[in-house]
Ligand SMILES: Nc1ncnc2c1ncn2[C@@H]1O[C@H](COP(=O)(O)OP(=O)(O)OP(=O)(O)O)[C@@H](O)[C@H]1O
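Form predicted alone, single chain, as structure tokens, below.
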């Protein structure tokens, strides 16, 4: 069975971001952190979800440390043993991590500490590809889309705000979208911050 256009795009863009050198990766991560750490959406958020980078994704480690420095509550996504939506677990300096069924590290904490996406002010999430209409292509599992489906029915933008983190090389002219895809509030790359109202150089 031939690969779908979305799967072909995933493969191509993932190869591009993995081809970046460690030095380029670090420079891009620093640039994204410098831009976002002074943005009102970051400064005004008290509960922020981020992620642990892999597969060439923009590393939000600099943003995590700035969030801790600013005394914000930091969360990481967790895939529960049952269900197909993400929850979010608190992440502190020195938090113990365990590996989930996809080989991704998650905070090792009691489920009573988990919160839902609705309880966050800001979610900084990874992506494979994006366009300037704030459309996001993920890895294909649909976990973020299912977890954030409630945001598609809002007439006004309320918390959580959704910001995708990406390398500029992950931008494409027009992303093939599906009805269940959740658009983002903003996308940050090493070059600029994209949103529908204005591109902030």
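What you see is a predicted model; the values in this text were computed from it and never measured. Numbering follows the first chain given and starts at 1.
Although it is not shown, the form predicted together with the named molecule is what the next lines describe.
J.: So in the model of the complex, does residue 43 come within 4.5 Å of the named molecule, heavy atom to heavy atom?
T.: Flag for residue 43 set to no.
J.: Can any non-hydrogen atom of residue 56 be found within 4.5 angstroms of the named molecule in the model of the complex?
T.: Close contact is absent here: in the model of the complex, residue 56 is far from the named molecule, nothing within 4.5 Å, heavy atoms only.
J.: Test of understanding: in the model of the complex, would residue 62 fall inside 4.5 Å of the named molecule by heavy atoms?
T.: No, residue 62 is distant from the partner.
J.: Evaluate residue 50 for contact with the named molecule in the model of the complex, applying a 4.5 angstroms cut-off between non-hydrogen atoms, and reply yes or no.
T.: Although the named molecule is absent here, residue 50 would stay clear of it in the model of the complex, with no heavy atoms inside 4.5 Å.
J.: 161-169, 62-70, 22-30, 135-143: which one contacts the named molecule in the model of the complex at 4.5 Å, heavy atom to heavy atom?
T.: Looking at the partner contacts, the answer comes out as 135-143.
J.: Which residues, if any, of 178-196 lie within 4.5 Å of the named molecule in the model of the complex when only heavy atoms count?
T.: Sequence-ordered list: 180, 181.
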